[in-house]
Every structure is written in structure tokens, then in C-alpha cells.
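Take a look at this one chain, the form predicted alone, written out in C-alpha cells.
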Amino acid sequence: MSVLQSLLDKLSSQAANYLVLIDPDRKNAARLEAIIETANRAGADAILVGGSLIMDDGFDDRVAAIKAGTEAPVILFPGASSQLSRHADAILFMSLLSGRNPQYLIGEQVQAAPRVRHMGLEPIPTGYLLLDGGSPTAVQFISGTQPLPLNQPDIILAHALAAQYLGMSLVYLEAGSGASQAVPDEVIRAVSGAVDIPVVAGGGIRTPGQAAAKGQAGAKFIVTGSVAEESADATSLQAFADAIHQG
């Protein structure tokens, strides 16, 4: 069974899936084992691995360490075609549909595709939409694209529909790492009500209550990153997992 299908099957018994994002950059190297253990104890459904900017050559080794430390699926969440590792189970094969930079619409994908096939990674086609989370984010700087404005819901909806019609398996609504606000519930509700593919919501989600609200609005996958990085206390992440799973 594919990684994506196994996660979709979980939705028959829980409201949404909880994905913990780990940035495998050097800043997390010393705490990587603790972050993995925290995610495991909290009952994360999968672990996403990736970041906008990796500052050393330790990416592959850290993905291997993450995979060795968990039984949850490890899914690459790459910021570029250089962020690939055969140690992962799958990859969010993303196109930054919210931007107009051809490098992130198709250029990085063409460079990555042969290596993804060679490594045997399961590709999960994902339409990635960067929304305005209220402050500049690393994704915005690195990709050279502007986020979609939250006060223009029709524009967001049109991009989400385009993701579905292009054959994507997921549409990812991203406020960006370091966002001052998460994707609004009403935006998630509008998108999930219009598309037939699962919605992923991430960025700026700081409390279990916020996380639960994203699921209630229709998100089937909810992502947190800084929560795991900032706390080695599994109780904190457990509260997120419970809120997300129970809706």
C-alpha cells in the first residue's frame, strides 16, 4: 500500500492526520534525536522533512537518522531538487502554483524527477499555495514569489481548483514558516468545500485549539514544525495530536 493511501485510510477513524515537520538543517542537528522521539511519543501520523535553506551537507545523513528513529512514514518536503534522499519513504512532489517563477513551477521538478524514480521514492503530486501569513517568510525569499492575498479568496480558490484539475493528489495551503498568522479557517473551509482532493494546512499553527479548528474547517492533513523544535516535551505535541485526530 502506498504511503498516501495508508494516510487516507486513517481518515476513516480520525478527523485528520497530524504531520510533524522537521527541518534537517544544522541548527537542529544536536536535538534531532529528541525531536524524533517527541514526535513518536505524540503519535504523529507521518514526519515531513525539509526546509527552504539547508546550510551544510548533512541533509542525507539526517534523513537517514530520522528514518532509523521512527516507524512513521518519512516524507520529503523539499525546498529544492537538491533535497532528496533515498532514506525517505515518499516525497511531496510539489509545484509552487501560487507563484510565477518557472524554476519552482516546473524547473526544479524536471531536475528532481529522474532522481526520484532512481531512488524509488513514492511521489505525491502536490499543488503548493503560499498564502500571506502576515510577515515575510523564507519560502517567499528563496522562491522569489509573492504569496496569495488572504483578502482575495476567489484567487486562492482558483489556484486550488487548478491544482486539482492539473491532477495533483493534494493541495497544500501554506502560511510559511515564521508566519504571524495561520491560514484562516474560512479559507480552508472554502477550498475544502470546492475541491475533491485533500487539503493540507500548515504554517503559524501554535495551539492545539488552532489545529483542531483547521481540521473542523476541512483540512485532512495538519502540519506543525516549530512546536516540535521548540519543545522536547511530548505532552505538548500529544495535545496537538489529540486535537487533530479527534477534531
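A residue's number is simply how far along the shown sequence it sits, counting from 1. Remember, it's a predicted structure, so these values are computed and weren't measured experimentally.
Keep in mind that the form predicted together with a small molecule is missing from the display, and what follows is about it.
- The stretch that touches the small molecule in the model of the complex, counting heavy atoms within 4.5 Å, is 217 to 225, out of 37 to 45, 217 to 225, 59 to 67, 186 to 194.
- Using a 4.5 Å cut-off to the small molecule in the model of the complex, not one of 79, 99 and 104 places a heavy atom inside that distance.
- Taking 85, 140, 95, 177 one by one, only a single residue has any non-hydrogen atom within 4.5 Å of the small molecule in the model of the complex, and it is 177.
- Under a 4.5 angstroms non-hydrogen atom cutoff, the small molecule in the model of the complex has residue 21 among its neighbouring residues.
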